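Before any questions on how it binds or moves, here is one chain, the form predicted on its own, in structure tokens.
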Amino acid sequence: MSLLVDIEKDYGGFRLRARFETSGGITGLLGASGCGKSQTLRCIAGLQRPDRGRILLDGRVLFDSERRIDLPAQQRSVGYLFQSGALFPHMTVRNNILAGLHAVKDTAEKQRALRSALELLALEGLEDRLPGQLSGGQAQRAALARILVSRPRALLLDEPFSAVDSHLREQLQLDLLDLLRTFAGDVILVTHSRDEAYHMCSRIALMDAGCILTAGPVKQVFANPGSSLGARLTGCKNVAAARKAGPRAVLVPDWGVTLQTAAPVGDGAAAVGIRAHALRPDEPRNRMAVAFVGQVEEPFAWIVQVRTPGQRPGTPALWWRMAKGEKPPHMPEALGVAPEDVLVFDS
């Protein structure tokens, strides 16, 4: 299974230029609100028409501006799960699911598909309830059942957990992952949560201002997001301008330090990133003196803010993140970072 997207669309003050390819599994589109993620899904689904480019699903052309092909949404074999689920509010769960079987004429076949969907998505006993009588998770499963009975070749999930209470979100993510193991097509998951993208997706595309910054396997993209902006999208808290100081060294003027790197540094080096958990008091390499300036307590972790003696005034403090049990009784006078944890980005 594969989905190729290479499209452009001008929205006036905003321009979408989305280019990426999937090969089965779940691909995440990760980016801040307003970066073009949902517009990309709507173009794939046929709800919006790109100005130019092409969209192919398993080699079948859904859209091609040069060949003047633009299949209607109902002919694309694409299921779209909206943020709200978009269930018909005055129809029962049973009738909502049957609405996804409108093209099936045989009554017995419809009933078999309905029973199978109710069982698969644990909706048995809820058939006669209206959407307003369902929990957030039940409504999401009902909306997904309506989509799956139409046997789509691709699923588009637009922030499917945004309307769900935080204490239920992780369980619903696990439930959805379990359900999608039986789905053979491509899945595109739009999210602004890096944690959600990391544990749900096999591949990820980072998006900003209508453009794909980088795409690839999740762990590979998080390990090397390719740019300072990509680093921030993947949760890197310590990012600053830098320049080459040697074959494997960078000078970071804002922090007043020179850092050794594991990878060779190119002449175009322009920024550096260090993830908050990579700073360690017991790391002997790249030691930097630090002064404590603040801390934030999370349920299971501490975030400690520090500054270096040579740090430029007005620049953000460095973040050091550790599990609750790892916080030392006294703040260390220096922290280190392994060369392989120093991320260098070209301009």
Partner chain sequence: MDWYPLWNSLRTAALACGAVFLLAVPAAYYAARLPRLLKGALDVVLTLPMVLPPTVVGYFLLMLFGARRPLGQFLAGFGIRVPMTWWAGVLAAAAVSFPLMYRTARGAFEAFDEDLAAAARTLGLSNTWVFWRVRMPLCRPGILAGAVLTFARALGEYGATSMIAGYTPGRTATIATTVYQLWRTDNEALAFRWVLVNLAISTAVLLAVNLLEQRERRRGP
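Predicted model only: the values in this text are computed from it and were never measured. Residue numbers count along the first chain shown, from 1.
The next section is about a form of this same protein that is not shown, the form predicted in complex with the partner chain.
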Report the stretch among 257-265, 97-105, 117-125, 174-182 that approaches the partner chain in the predicted complex to within 4.5 Å, counting heavy atoms only. 97-105
Does at least one non-hydrogen atom of Ser166 fall within 4.5 angstroms of the partner chain in the predicted complex? no
I'd like to know if Lys219 sits close to the partner chain in the predicted complex, meaning any non-hydrogen atom pair within 4.5 angstroms. no
Phe161: heavy atom within 4.5 Å of the partner chain in the predicted complex? no
Please check if Leu206 has a heavy atom lying within 4.5 Å of any heavy atom of the partner chain in the predicted complex. no
Can we say Ala45, Phe82 and Met91 each have a non-hydrogen atom within 4.5 Å of the partner chain in the predicted complex? yes
Exactly one residue in Val78, Val187, Ala242, Ile274 has a non-hydrogen atom within 4.5 Å of the partner chain in the predicted complex; which is it? Val78
Of these, Ser202, Ser150, Gln111, Ser135, which has a heavy atom no more than 4.5 Å from the partner chain in the predicted complex? Ser150
